[in-house]
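What follows is a single chain, given as structure tokens, in the form predicted on its own.
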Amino acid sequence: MTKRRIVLITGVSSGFGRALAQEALSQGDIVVGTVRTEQAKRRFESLSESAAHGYLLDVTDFAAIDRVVADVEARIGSIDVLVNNAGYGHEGIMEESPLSDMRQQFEVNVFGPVAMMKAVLPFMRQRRCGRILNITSMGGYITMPGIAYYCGSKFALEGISETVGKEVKAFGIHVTAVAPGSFRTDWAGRSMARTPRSIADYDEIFDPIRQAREAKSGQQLGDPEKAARAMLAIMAEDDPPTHLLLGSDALGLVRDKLSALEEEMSRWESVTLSTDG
């Protein structure tokens, strides 16, 4: 009899986490989902009486992370896949946004996923197998005015994911950074923290971006259910990608970024090479 895969997903109340949990359950996986309220825990566990296990967890509570992972391993079974999905977006011009906003953004979007990886890796390393998916963003490759702290956190998680993947590959553990484009989730709605505007000089560059984002919210091209199926397919691969973009907008924008970077490197190549020797 084939063992049912155990998938631990952070942040299953909505968005990608919810869609991925539902799709994994429908495929026969056991899903352990983290939430932040008792009500959300009950809603999640109602998806499957036997296969949906909810845990109350704030991913910035690092001591609690270790306890939750140890409890899952002891009570439910070996964690086969960790999906670091919990996170949020911060919108605000950098000069206007206090450092406390940046600190909180990195606590949730970077330190939380790293703490989760540190908690599961001893178990995966001992078993010499495991999968880790870190949900980043096309904002881990491209940037736009008004989301400096968010992009910074996703750039960081992309780099950490790639590095950790190299560290653990010899142990049969694969790490994939999954970078979605614009999807129909709550990211640009209730899940986004916004710093109040205060400097009129930035109105011209930022106000149109904010208005376009608000108008597009809920109308994005990306389908979370299709993203969930793509992520489940990656989990099953013997040699999964280190980086995976999701969505045609992400593909187009990242290709444009790489092309512009190549052009800039070529333009300044003589200065680059002048520092050798």
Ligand code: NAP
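Start at 1 with the first residue shown and count on from there. What you see is a predicted model, and the numbers here were worked out from it, not measured in a lab.
Heads up, the form predicted in complex with the named molecule isn't pictured, but that's what we're talking about next.
With the partner removed from view, the residue among 228, 57, 245, 69 that has a non-hydrogen atom within 4.5 Å of the named molecule in the model of the complex turns out to be 57.
At a distance threshold of 4.5 angstroms between non-hydrogen atoms, residue 12 is in contact with the named molecule in the model of the complex.
By the criterion of a heavy atom within 4.5 Å, residue 152 is excluded from the residues contacting the named molecule in the model of the complex. A residue is said to contact a partner when one of its heavy atoms sits within 4.5 Å of a partner heavy atom; residue 181 meets this definition for the named molecule in the model of the complex. Not displayed here, the named molecule is kept clear of residue 176 by more than 4.5 Å at the level of heavy atoms in the model of the complex.
You can rule out all but one of 117-125, 130-138, 72-80, 202-210: in the model of the complex, only 130-138 has residues with a heavy atom within 4.5 Å of the named molecule. Shown here without the named molecule, the chain has no residue in 240-277 lying with a heavy atom within 4.5 Å of that partner in the model of the complex.
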